[in-house]
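Just one chain is shown here, as structure tokens, and it is the form predicted alone.
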Amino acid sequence: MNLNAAETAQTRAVAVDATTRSITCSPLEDAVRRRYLGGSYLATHLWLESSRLEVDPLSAANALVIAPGLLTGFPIIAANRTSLVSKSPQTGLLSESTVGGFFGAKMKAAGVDALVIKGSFDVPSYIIIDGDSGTVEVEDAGALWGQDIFRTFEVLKERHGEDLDAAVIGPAGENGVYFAAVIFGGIDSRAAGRTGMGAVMGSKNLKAVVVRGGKTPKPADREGLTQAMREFMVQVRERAIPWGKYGTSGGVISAEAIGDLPVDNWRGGSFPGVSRITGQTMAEQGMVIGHYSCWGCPIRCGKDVRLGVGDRAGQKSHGPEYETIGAFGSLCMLDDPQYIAAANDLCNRLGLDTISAGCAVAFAMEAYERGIIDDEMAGRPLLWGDGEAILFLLEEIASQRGLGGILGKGTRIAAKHLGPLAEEFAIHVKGLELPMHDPRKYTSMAVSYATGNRGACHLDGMTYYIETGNYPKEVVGIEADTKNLDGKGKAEIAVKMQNLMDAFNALGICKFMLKAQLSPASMARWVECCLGWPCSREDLLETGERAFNLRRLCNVSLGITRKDDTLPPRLLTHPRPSGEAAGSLPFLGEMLNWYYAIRGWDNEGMPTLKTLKRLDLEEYPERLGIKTRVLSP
């Protein structure tokens, strides 16, 4: 298919029907772009135009939409995010996964703002978008099926040139692991890890999406944008670049000290081995051998490490991030950074979300400790802190062998298989395992996790930035006294930060720009400079609110109500036994009452008709099969 047959560059949506192998290209209408912007919000709109919410997530009827943010690829600091939206096999909800790196910028350069993939290929295939030739084509991936992600990426570069990027799945996605990831960038990995988008690609016999060539989009007001970047760079240098020395792994030691880092499958309070698994320690021991960045970002938070154990010992790999260190380190009581790095490398090669994979391993280790799993069922002893056991289980999960066939469905389903006691220590919300930030420390995270549209996700709220004072509350209109927070104040923080994060997603801005205190007013200015549209702070925050409510309506259509807006029993009733957060528990019921009131939802967690009218979402209940008579006025 020839992209040049479509309208003006930067307004194209490409649809690939994998069943018929047909490809169409159409312009995105200006009204659609202005309303949905890009990223996850635009992708949600396009998914609803292409699929129905009742579809089986692993069926050909479930579309997959890939959309860079509205500003992704423009000469803007950290405008590099891309969203993947589909119905999740892990949660059964319409979900998203986001990623940085270079893919989104290259997709924009090729002149494509969204890729909609419907149906399923009859043989393993990959899609290539070539901005130089102006074509979108489907190629055979038979020789790549079964290969790991790093090898696949290298073969694709041999075929199509060094300047490409690719979204690739590994054996985990091919085998339908419910939390299979999509990995970008090869060894310099960036992952769309959450909610199982890799399994959706695998169900379509889609091994990869390749992008290359083209031209960077030109801003409408280059001079104005250059000045805006010059001003923002002052904030980045002062507040964010120093953090890049160790990246996210540099925060492990402080997170453990304040009671934010989960320990022993969320049972512990302090982890004695924490000093051995930090980013600082990995650097001091010579494990870190390089740094890399995403498109347009001067921070360079990505780290290269030299592996010391595993089948790739001695070779370079992407260094483990904070979430991965928490998931395979303190959560599994492992204090050897070499094994954590090897587990991270294995996940990136096989295509596994490190958060859900680490949670599944910790869940299995506790089940083994309690006698629910024995050596025969597990295939070997599963002792806390055993790095070899972790690597073994990751291989089993990706190949869906033995116990891995159970764990690969996620802890919610695995717990139901293993019996009622196991459900007590399956730590998830709506089927999505918790990230490595304890809601018993910053309890605004509790209501953010509980109400998250894709399940528990720190990136959907980032409320701890407000609680710690690292992001000015006035920027997003938070009125609560952050020095004396009550249930209402915590709920207000969750609502307004969720709205802001959905605006970030739609624009494609990395959320680590919160460290530089990036404001919605600044982002609105960037939109004006890039697109020539009038845009205000209020416009962006309302767009974020509208996006959040639309996805909530999708979840309501799928049966989600207040009963599902909760946390695992362990986090509601068992305080951390030691450390700075010892004794703290979230008062979730009170926070939910305030949260629903601030959102304009009823007491059961459903948006009211008044709220939908205010947000111009009145058309959606009927479209989504929700009877308006069940919604409050």
Partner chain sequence: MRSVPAGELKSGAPEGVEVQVLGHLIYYLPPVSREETKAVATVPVGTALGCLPGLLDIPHFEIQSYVVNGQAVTDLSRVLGRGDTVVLLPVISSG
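Positions refer to the first chain, counted from 1. From a predicted model like this one, the values you see are computed outputs, not experimental measurements.
The same protein has a further form, the form predicted in complex with the partner chain, not shown here; the description that follows concerns it.
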Practice item. Heavy atoms, 4.5 Å, the partner chain in the model of the complex: which of 195-203, 254-262, 303-311, 208-216 makes the cut? Say which one. Key: 254-262
Exercise for review: Indicate whether the partner chain has at least one heavy atom within 4.5 Å of a heavy atom of K483 in the model of the complex.
Suggested key: yes
Review point. Looking at the partner-bound form in the model of the complex, is I427 within 4.5 Å of the partner chain by any heavy atom?
Key: no
Check your understanding: Is there any non-hydrogen atom of E49 lying within 4.5 Å of the partner chain in the model of the complex?
Key -> no
Point to revise | S557: touches the partner chain in the model of the complex, heavy atom cutoff 4.5 angstroms | key: no
Check your understanding: Taking the partner chain in the model of the complex as the reference, which of A524, M333, I413, V274 has a non-hydrogen atom within 4.5 Å?
Key -> V274
Review point. Considering the partner chain in the model of the complex, which of K118, R552, R239, H160 comes within 4.5 Å of it through any heavy atom?
Key: R239
Review point. Can you name the residues of 579-617 that have a heavy atom within 4.5 Å of the partner chain in the model of the complex?
Key: E580
